[in-house]
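Coming up is one lone chain in structure tokens, specifically the form predicted on its own.
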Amino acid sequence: MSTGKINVSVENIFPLIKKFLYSDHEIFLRELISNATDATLKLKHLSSIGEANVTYGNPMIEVKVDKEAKQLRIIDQGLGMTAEEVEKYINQVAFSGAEEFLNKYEDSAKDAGIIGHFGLGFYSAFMVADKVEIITKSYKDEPAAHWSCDGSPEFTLTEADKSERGTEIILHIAEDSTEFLEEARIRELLTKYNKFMPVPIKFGTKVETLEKPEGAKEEDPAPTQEVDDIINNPNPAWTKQPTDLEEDDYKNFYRELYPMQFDEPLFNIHLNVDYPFNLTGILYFPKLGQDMNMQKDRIQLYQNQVFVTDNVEGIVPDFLTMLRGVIDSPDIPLNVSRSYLQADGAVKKISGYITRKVADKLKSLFTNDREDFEAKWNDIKLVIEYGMLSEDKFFEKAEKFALYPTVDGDYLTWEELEGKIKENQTDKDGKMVVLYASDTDAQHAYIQTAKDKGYTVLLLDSPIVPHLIQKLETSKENVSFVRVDGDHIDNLIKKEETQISKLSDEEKEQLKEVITKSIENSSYTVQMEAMDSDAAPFIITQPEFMRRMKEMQQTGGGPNMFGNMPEMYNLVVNANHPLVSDILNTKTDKKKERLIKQSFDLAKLSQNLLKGEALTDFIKRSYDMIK
């Protein structure tokens, strides 16, 4: 028997471990099973190269809960340790001073990152246990060893009576951590962190129903047997080559990742690269709604098949965090801050690779089956539009597959859109004008007016459209986007065919003054325009710039100076409409005012701007006019 002091650089390391080692104490189980997995895989490697003269067999890791004894056991059949190796690997905590330890903790704590890289993984056991034992026998022909420590720097190391190769860790669970003696809690953690570990993990047994023997009666119960309950899948789909997987394999893996998700993914992207970094994984495009925030944090990050986090911010480009799936890389530094991640060279390369793979997949889908791609557009457009907005390289690649749907259900590439509208949709400055609607019901009258003129109107209704069109206007030459109810559309309409006003300038000015006085609303600027006689007498438009800035601010990213600006509208009066002439020629002021208010309220009603008392007055006035 030998005794001694664990070689650490501060005397009282264990309270620090218990309090600071990880932000979440449940991580201890992941760390201990990771160690058991390492020991098993190392033995596999040594036996494969002939350095370990043992039969590898089919080893597994077993987790046992003994609630009565207040013990949790982790047992592996790996390479084990000699007493000398226990001294070397367990008794010398591998870090260079308490100050460095706490400095490194300060960065990693923010992200619940691992500090196992500093050789402290085993000592995470002391976060939940007030005593830890190791019983281990090496694959070498040497006696087994029994190490024990009660949470102080003191330990004992004796010879043990163990004949089978491998290591057993016994945790005597502390009073403040008894939740880890509940089988349901341990199963939850094993499923969360170790679901895809590369070595089978046994947690108890389960009953398996067998086939009835030949000749058995129908009422006879089927025979059963107890089998090991293996809670993990050691060979998940992302660890295999794409050529070895069928479409059903990808769908089955999706269900394994998200058992409560009933929608099928639209398609998947298999990531597999080993130079200049190592990265594997599978990303899925789900059917996405319009709410970007509800979709995030569904990609799981693994390191060598050990679950790390589902917060992949800083690793996966932000616009792709709405996808689902798995990425696995040993080259991603985990115990660092997010700002460090974003500046890390390897992470930048990984992020760029993922972006490129997604863009290539989308281009392939578009090229190979455009009809199917168009059918899926509304379910994937949010990711693509967000990517175009936030990643310049993705924006360039998206030129080949990004679609611009029209209100009539056609889907155009940018090149096709240019060819369709370049000649007949330009403003007085020669800019190509892209008309778009964001709500076909609310803007129906404006859409119909534009279509009657022969104009193409896009349907752009995702929440980031204001930002996206701003990006498109700065990226394309001589292009202007105008919503169909925007004020700039008048320039476009007048350019096609110049309308001669039926009213003189004096009459228009007189009528403008009367209308401004009658509507008594400072939010509306009255404009007299000469338009087709069949166009509406009163049309409400919004200043395009102000409306867009306010929308951008509501969805994030717009200038704050527009946050408290009042709503501003234009009341465009069609000087060539017969009703406008009637208003001008009406003899009594009372009737003139009633016609103006009725026409104005009808214009507001068409834009869903008529509410409350104004709506009540409009209805009453309408009944009076009918009478």
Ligand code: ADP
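For every residue, the number given is its place in the sequence shown, counted from 1. Source: prediction; values computed, not measured.
The form predicted in complex with the ligand is left out here; the points below concern that form.
By the 4.5 Å heavy atom rule, the three marked residues 80, 121 and 167 all count as contacting the ligand in the model of the complex. Contact annotation: residue 514 falls outside 4.5 Å of the ligand in the model of the complex, judged by heavy atom distances.
The closest heavy atom approach of residue 39 to the ligand in the model of the complex falls within 4.5 Å.
Heavy atoms of residue 90 reach within 4.5 Å of the ligand in the model of the complex, making it an interface residue. Contact check for residue 35: a heavy atom falls within 4.5 Å of the ligand in the model of the complex. Picking from 206-214, 82-90, 347-355, 399-407 the stretch near the ligand in the model of the complex, with a 4.5 Å limit on heavy atoms, gives 82-90.
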